[in-house]
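Okay, here we've got a single chain as structure tokens, the form predicted on its own, with questions on binding and movement later.
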Amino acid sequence: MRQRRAAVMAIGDELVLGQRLDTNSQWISARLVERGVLVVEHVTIEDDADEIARALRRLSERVGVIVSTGGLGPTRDDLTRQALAHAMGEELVEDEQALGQIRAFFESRAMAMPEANRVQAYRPVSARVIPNEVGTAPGLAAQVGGARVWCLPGPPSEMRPMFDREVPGSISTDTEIATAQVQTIGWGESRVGEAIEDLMARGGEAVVGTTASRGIVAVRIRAIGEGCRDRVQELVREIRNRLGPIVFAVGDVSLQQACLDLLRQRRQRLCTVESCTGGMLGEMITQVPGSSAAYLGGWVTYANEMKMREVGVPEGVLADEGAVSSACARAMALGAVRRSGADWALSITGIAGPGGGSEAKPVGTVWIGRASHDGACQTRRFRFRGGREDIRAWSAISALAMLRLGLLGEEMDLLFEEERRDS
């Protein structure tokens, strides 16, 4: 049973302090699940040999597989090999083959090996060195208590090929794990949870949970054992039936990808014109490979002069209504459609803060416009919460949600929406 359960450790002060984002644990967990190994714990731990050793011993009593990343470099704060030896109750010894590989790495670059790198050739007595074909930090494979342990370097370019080469083939399990993710936009997490509350009850054949991030609620499904794939697909169908039009994708598909897919299916094209988001919407769209097939481009009209000159916002609209208004969002979107020749245009204008708000238009007030080539236009006023980057991100995501509704011919309220106008 232990062999079917795993823990992933991310080692480094920079991770604990938030100076760097741990992407390794997510990647490793996904690969382990593909092998039928369920990850039950993630641990992020500082560069402290005693703490790392304690974590290894504790986890070895719970799981059969431990994969750690980081702490295998040549400097004084790289302490994973020492911690592993401590957890195993063994001494460190120099591995001649590893030392030769490290020297060869430097020689291939016409450099002498710094003496500091010699420590990377050390391993606990019974551990095995895993060659690093990309960098200087060999990995380590060992046994701590009842758990098999792999210690891998932190840089993904070194860690990933080492993991793929060493770990999957060493894990033997007949357990099958199936997962799926249903992506939604438009409802809050609590409302989604209410609609599928009975499916989220623990102790059944499958586990269903939700995760929310800036308006997007993902419904996660996991099942283990015989028939798990069929059970997961049954739940996907049931969840889609219950949630209806708020479901925009099944799987790891972004909202912008889903919108671009709809545009391509209809052979239509989009343009954008942004103020407070400063190009964030366009940047999100162009993260998708092949987005040029449906996205023409856009404008960043931060100043009023740009709004007038680039997309033809009338000076009177800005004087009478202000830049943060339905009239301005409407003029921006319609002007963008006319000048670009696109089928759809999205406009965003608002107050992202931290300053610039007023009693009538507080920070977080954003108007979003959606215009089509036939001259129809809808604008919606939102009041977003959070800091500047939260407001900007919510604005871009909500604009995409409006586009999706327009493409589908659907109408529904979106989160934080306060007013809607059609023309």
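We call the rigid core the largest set of C-alpha positions that still match within 1.5 Å between the two forms. Heads up: residue numbers just count along the shown sequence, starting at 1. This structure is a prediction, so every number in the text was calculated from the model and none was measured.
The next section is about a form of this same protein that is not shown, the form predicted together with a further copy of the same chain.
Interface residue among Val39, Cys377, Val363, Ala53 relative to a further copy of the same chain in the model of the complex, by the heavy atom within 4.5 Å criterion: Val39. Though a further copy of the same chain is absent from this view, in the model of the complex it lies within 4.5 Å of a heavy atom of just one residue from Arg264, Arg128, Arg339, Arg240, which is Arg339.
The stretch from 204-212, 321-329, 137-145, 162-170 that comes within 4.5 Å of a further copy of the same chain in the model of the complex, counting heavy atoms only, is 204-212.
None of the heavy atoms of Ser358 is located within 4.5 Å of a further copy of the same chain in the model of the complex. a further copy of the same chain is not drawn, but in the model of the complex it has no heavy atom within 4.5 Å of Glu410. Remark: Pro124 does not count among the residues lining a further copy of the same chain in the model of the complex, judged by a heavy atom distance of 4.5 Å or less.
Contact check for Gln257: no non-hydrogen atom falls within 4.5 Å of a further copy of the same chain in the model of the complex. Residues Arg269, Thr277, Gly278, Gly279, Met280, Gly282, Glu283, Thr286, Gln287, Val288, Pro289, Ser291, Ser292, Tyr295, Leu296, Gly297 are the members of 267-297 with a non-hydrogen atom no more than 4.5 angstroms from a further copy of the same chain in the model of the complex. A movement of the C-alpha atom of Gly12 reaching 2 angstroms or beyond is seen between the shown form and the other one when the two forms are aligned on their rigid core.
After superposing the rigid core, the C-alpha of Ala376 moves by less than 2 Å between the shown form and the other one. Relative to the superposed rigid core, Gly364 undergoes a CA displacement smaller than 2 Å between the shown form and the other one.
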